[in-house]
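Encoded as structure tokens, the following chain is the form predicted alone, with no partner shown.
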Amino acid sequence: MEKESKRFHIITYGCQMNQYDTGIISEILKNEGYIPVNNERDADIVILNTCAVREHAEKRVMGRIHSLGRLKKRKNIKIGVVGCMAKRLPELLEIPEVDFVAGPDAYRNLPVIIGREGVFEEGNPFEDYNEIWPLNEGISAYVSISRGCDNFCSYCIVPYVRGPLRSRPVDTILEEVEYLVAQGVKEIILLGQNVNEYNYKGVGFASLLGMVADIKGVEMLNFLTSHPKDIDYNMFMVMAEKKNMVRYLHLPVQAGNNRILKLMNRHYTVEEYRDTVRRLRSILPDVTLTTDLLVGFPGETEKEFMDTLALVEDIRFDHAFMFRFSPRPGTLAALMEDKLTDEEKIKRLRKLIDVQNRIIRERNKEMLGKSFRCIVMKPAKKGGYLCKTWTGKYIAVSENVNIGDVISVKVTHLRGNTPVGITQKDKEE
């Protein structure tokens, strides 16, 4: 491929791990002389880094492929589909607009794949990209501590498309964090499909968390995502002891009924989940707790759905990512009898969203009149800036502040469900 045809643009769909992988792809291509550009109109190669967790995500990708096809008719560009959807659907190569397809473990070979065209590459199932560290442009950066998943929740496609769990060596994780801090990063977010399963030569997640927290320059430390069945309570102690740890935990419960949890292959009960939350809040009273909730699972009765609502009312999550069930071909749940109509699933989802949104507002009202130390993270969509507290919540400020500043903010009101505040300096003036 000639030098002038090496401009590339990546369009990312899906989770934080996909965002991190986009950085890996970019570093691999740049090391081979490829040049990143900010939009597909200026690119010679457009790569869609895809998600396969839900049908809606895949439909969005298909729509984007066809819209890029119109660009391709006007300009000689190459279109590649990579990531989870690519691994699940190698037949994407049959779409006329698509030139190459590669799974999440094949990124190292992308420079060769791009040159060959018309190929699907699955990649090495034990790939961990250890020595490839994505360069971060902001003050917050993700660091993957593991890849893959061995849990096989009955509704989830991730283990099939991302392969088996493999933990990265401790030293390479610490070196990557030190590298990012040297580049000006202030917040580190450790990533894994299930961080609690991290284990490298006897070093578990709680120990790794303490090591990262002790690195000079890490002002804020966070992690995603934990599985309730693998919670190590030593992790809560590290969160309480280290001043740079964000008192935030994302702990997906998925459902509030034991029969449904068993069908989901989650390996914990509602009672065990409640006990984990009780112990968490006893150690970290001001913790921000968020979750994932899935409604309309095959066979879910109205009463079982109401059990989920009751759990939400009782736990009072600070935020929740809520979805209705959509079968993923190849998973166990896709083989289960699903009698619920889409209309009923949507009705239940809307009811759940209404309840959770009310709780979010009530929880955020508790912040009114209180002051929080936070880091200015990024511009807010409606003007001003968003600051992140050490409890993991965002506060909007309209003052003239700088990204990366550590400031004290007093919450004065809510805009929708978003806390809005003023800096303590302006309050004194």
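What you see is a predicted model, and the numbers here were worked out from it, not measured in a lab. A residue's number is simply how far along the shown sequence it sits, counting from 1.
Beyond the structure shown, there is the form predicted in complex with a small molecule, which is absent from this document and is the topic of what follows.
Which among 240-248, 165-173, 309-317, 326-334 is in contact with the small molecule in the predicted complex, heavy atoms within 4.5 angstroms?
Every other range fails; the passing one is 326-334.
Would you classify V53 as touching the small molecule in the predicted complex, given a 4.5 Å non-hydrogen atom cut-off?
Looking in the predicted complex, residue contacts with the small molecule include V53, since a heavy atom lies within 4.5 Å.
Given that the small molecule is not shown alongside this chain, does Y273 nevertheless sit within 4.5 Å of it in the predicted complex, heavy atom to heavy atom?
No, Y273 is distant from the partner.
Would you check, heavy atoms only and a 4.5 Å threshold, whether V81 touches the small molecule in the predicted complex?
Judged by the heavy-atom cut-off of 4.5 Å, V81 is well away from the small molecule in the predicted complex.
Would you classify P252 as touching the small molecule in the predicted complex, given a 4.5 Å non-hydrogen atom cut-off?
So P252 counts as contacting the small molecule.
Since exactly one of Y155, F223, Y107, F305 fits, which has a heavy atom within 4.5 Å of the small molecule in the predicted complex?
Only one option qualifies, and that one is Y155.
Heavy atom within 4.5 Å of the small molecule in the predicted complex - the one residue of K186, R348, K72, H227 that qualifies
By the 4.5 Å criterion, the partner-contacting residue is H227.
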